[in-house]
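Here we start with a single chain on its own, the form predicted alone, put down as structure tokens.
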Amino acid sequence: MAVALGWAVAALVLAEGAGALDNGLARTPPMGWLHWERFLCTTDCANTPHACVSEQLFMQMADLLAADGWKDVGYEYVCIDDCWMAPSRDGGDRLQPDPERFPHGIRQLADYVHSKGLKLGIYGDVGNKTCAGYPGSYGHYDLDAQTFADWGVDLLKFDGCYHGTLDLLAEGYKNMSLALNKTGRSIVYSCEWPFYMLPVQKPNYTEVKQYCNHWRNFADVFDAWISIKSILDWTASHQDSIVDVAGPGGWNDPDMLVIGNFGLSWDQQVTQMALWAIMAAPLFMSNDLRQINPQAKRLLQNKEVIAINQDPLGKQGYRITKDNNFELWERPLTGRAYAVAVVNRHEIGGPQLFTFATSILGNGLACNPACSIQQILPTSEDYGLHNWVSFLKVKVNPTGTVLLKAAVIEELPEEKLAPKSKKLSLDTL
């Protein structure tokens, strides 16, 4: 894992043959804004100035993150993805930004972002070229890491295009982690190492977490329900391999939040926000904060959902049952609480009811002997007290999710418990 320690400590690590040390970063999943899904590799600033990958775009997003409440709820990284570079390295073999789109350089952009109380993320690639064909870091790991540190970068997203063999892929990710260590600067290290391994062999997630703060396992998200579904399906089908390794300092990354864009209905946006919180996912929005609608903004800034995502216990959630196109997910939280997501995977018809026993939650412990239940999404409601033999009946819109929080109560007189069957009503939005 990339660590904010001096070169002497990093040299000691290498001498002892150990993995990279814990950098103390990403104790909870990082939060911020990333340009890729919404703005892709738009480099024509003459004809598309408001969508162009340029210093202007990132300065505007930094302004909005600071002024519109985003920073206050935890979104602190302004992240540059692919296509920021010039087509070739400079005379000293260093990476350089495109001089027309970043005329003042990355150092000055970082200073501007930092002046807003925010942090700057940047993009690189383990191979010879980035995915869009710009210079990669192969053979330049130490130089590029020091360049990023000198510029004041706080996060590196390191892609895996053009990596060559799997041995070179692993070597590259490890070398960049150690190179970041040696700079002495605190830089969150975001990897795509498992994603590029998975078609050929199963990743060693314990090893990945030694070197990376968060890591991608699956394909890029795009602005469509089919993409969100595929990410959830992959995560659920592989949860036995990936859930336990996640925790403070290292997280599975299902990719960006596309809430506030064009492709998801309101219910589908609720589902993404709720499940990304359950999965302890890094929350990097990819949208246009200059024109986001108020409903999407309220969802993305929902403090109760963010508190679940940022829960310090650091346990990733998982799917506990799938029944007739309904899914039930849970996530253990601090204080013997649980976040519970009821997902309706039906794509036809209207709202439908799903009934489940509280005894299924937390291996029977979530409501034993009693619990209080709050609905957090799509609206906030209090559903009172329940016991471990209660049944909950939840109404959920097609492709939507109801997000609940159950907090255990150790002792409570029997007469204060809710009835054994309680209907949780959710109006169609």
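Please read all numbers here as calculations on a predicted model, not as lab measurements. One-based numbering along the sequence shown.
A second form of this protein, the form predicted together with alpha-D-galactopyranose (GLA), is not displayed here; the remarks below concern that form.
Quiz item: From the list Glu327, Asp267, Asp82, Asp223, which entry has a heavy atom within 4.5 Å of alpha-D-galactopyranose (GLA) in the predicted complex?
Solution: Contact check passes for Asp82.
Practice problem: Quick one: from Tyr196, Phe102, Tyr112, Phe356, grab the residue that has a heavy atom within 4.5 Å of alpha-D-galactopyranose (GLA) in the predicted complex. | Solution: Only one option qualifies, and that one is Tyr196.
Quiz item: Even though alpha-D-galactopyranose (GLA) is not shown here, does Phe39 get within 4.5 Å of it in the predicted complex, heavy atoms only?
Solution: Output for Phe39 is no: heavy atoms all beyond 4.5 Å of alpha-D-galactopyranose (GLA).
Self-check item: Contact label in the predicted complex: Ile242 to alpha-D-galactopyranose (GLA), heavy atom within 4.5 Å
Solution: No - in the predicted complex, heavy atoms of Ile242 and alpha-D-galactopyranose (GLA) never come within 4.5 Å of each other.
Quiz item: Tyr141: heavy atom within 4.5 Å of alpha-D-galactopyranose (GLA) in the predicted complex?
Solution: Result no; Tyr141 lies far from alpha-D-galactopyranose (GLA) in the predicted complex.
Exercise. Would you please decide whether Tyr123 lies within 4.5 angstroms of alpha-D-galactopyranose (GLA) in the predicted complex, comparing each non-hydrogen atom pair?
Key: Answer yes; at least one heavy atom of Tyr123 falls within 4.5 Å of alpha-D-galactopyranose (GLA) in the predicted complex.
Quiz prompt | Ala132, Lys157 and Arg216 all contacting alpha-D-galactopyranose (GLA) in the predicted complex, non-hydrogen atom within 4.5 Å | solution = All of them do, each having a heavy atom within 4.5 Å of the partner.
Quiz item: in the predicted complex, which of the stretches 180-188, 198-206, 124-132, 311-319 has residues with heavy atoms within 4.5 Å of alpha-D-galactopyranose (GLA)?
Solution: Going through the listed ranges, the match is 124-132.
Exercise. Any residue of 295-334 with a heavy atom within 4.5 Å of alpha-D-galactopyranose (GLA) in the predicted complex counts; write them all down in order.
Key: Stretch hits: zero.
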